[in-house]
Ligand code: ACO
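Have a look below at one chain only, the form predicted on its own, in structure tokens format.
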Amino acid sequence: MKTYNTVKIEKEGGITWVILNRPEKRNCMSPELHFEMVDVLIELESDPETRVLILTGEGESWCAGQDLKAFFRELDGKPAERRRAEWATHEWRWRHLLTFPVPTIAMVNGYCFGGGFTQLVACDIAIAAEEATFGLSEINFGIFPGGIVSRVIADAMSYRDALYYSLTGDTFDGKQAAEMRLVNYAVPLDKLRDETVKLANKLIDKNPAALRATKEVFKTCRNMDYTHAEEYIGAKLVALRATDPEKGRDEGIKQFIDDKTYRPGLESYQRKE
């Protein structure tokens, strides 16, 4: 992998850690970080070593939103540069991350504010430290959650919670984020990495083609009516059987019916890599 100024990449046993690396700025996002993250995700999308991607932040923060000085003030009067930066921020945080080909986990280790909610929601699964602090503080600057934050929180938070925290700017912790289902669950900070790795390894045991298809089907069907969803899912099942190099469906049924070595709902079928 390349080296970057604002992002660190670490790999271990099928897990790729993508670490926002501006701890002195609470990992808030500069144009440079956006451009580097576009490159990082493009590189990793076809990386055979990346079976699960974990997005986290260096130091005590996950991501404190946009760098107001670097992203806004310093681009005043520079419309072309601002347009490129705006393209990059949406390109990696939503288009690439949302459709990333392997499971993605947001490991929220600290502050998560404003623009950081976009990549939080784009990740498939989110685990937070109980001590993490979340906030939609834009109202305190006299604005509202911009980019596509107002849209993504409408998906990930309840109507009441999304409006309450957008209108008040109040913060909430990891436990509250789990209670409102913004994250899947929260654990003490000193157990966060171990619990995230445990989950990542559970995913690594699954059939990679089935994992990818599961993500694609869920995210594509969410905005379909039932008739179109039925047609799409049927076609996707045929495509998965035709393209899965492991032939996971056939192997799983064989191990269940013929070999009697596999119990659905309790464990994964035995993969042959």
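None of the values given here were measured: they were computed from a predicted structure. Just count from 1 along the sequence shown to find any residue number.
Separately, the form predicted together with the ligand exists; it is not shown, and the next lines address it.
- In short, of 94 to 102, 75 to 83, 113 to 121, 161 to 169 it is 113 to 121 that has heavy atoms within 4.5 Å of the ligand in the model of the complex.
- Contact with the ligand in the model of the complex, judged by any heavy atom within 4.5 Å, is made by just one of Cys28, Val52, Leu55, Met37: Cys28.
- When the ligand is considered in the model of the complex, only one residue from Glu216, Glu60, Glu231, Glu45 comes within 4.5 Å through any heavy atom, namely Glu60.
- The closest non-hydrogen atom of Lys236 lies beyond 4.5 Å of the ligand in the model of the complex.
- Contact check for Glu24: a non-hydrogen atom falls within 4.5 Å of the ligand in the model of the complex.
- The shortest heavy atom separation between Lys69 and the ligand in the model of the complex is within 4.5 Å.
- Contact annotation for Glu138: at least one heavy atom lies within 4.5 Å of the ligand in the model of the complex.
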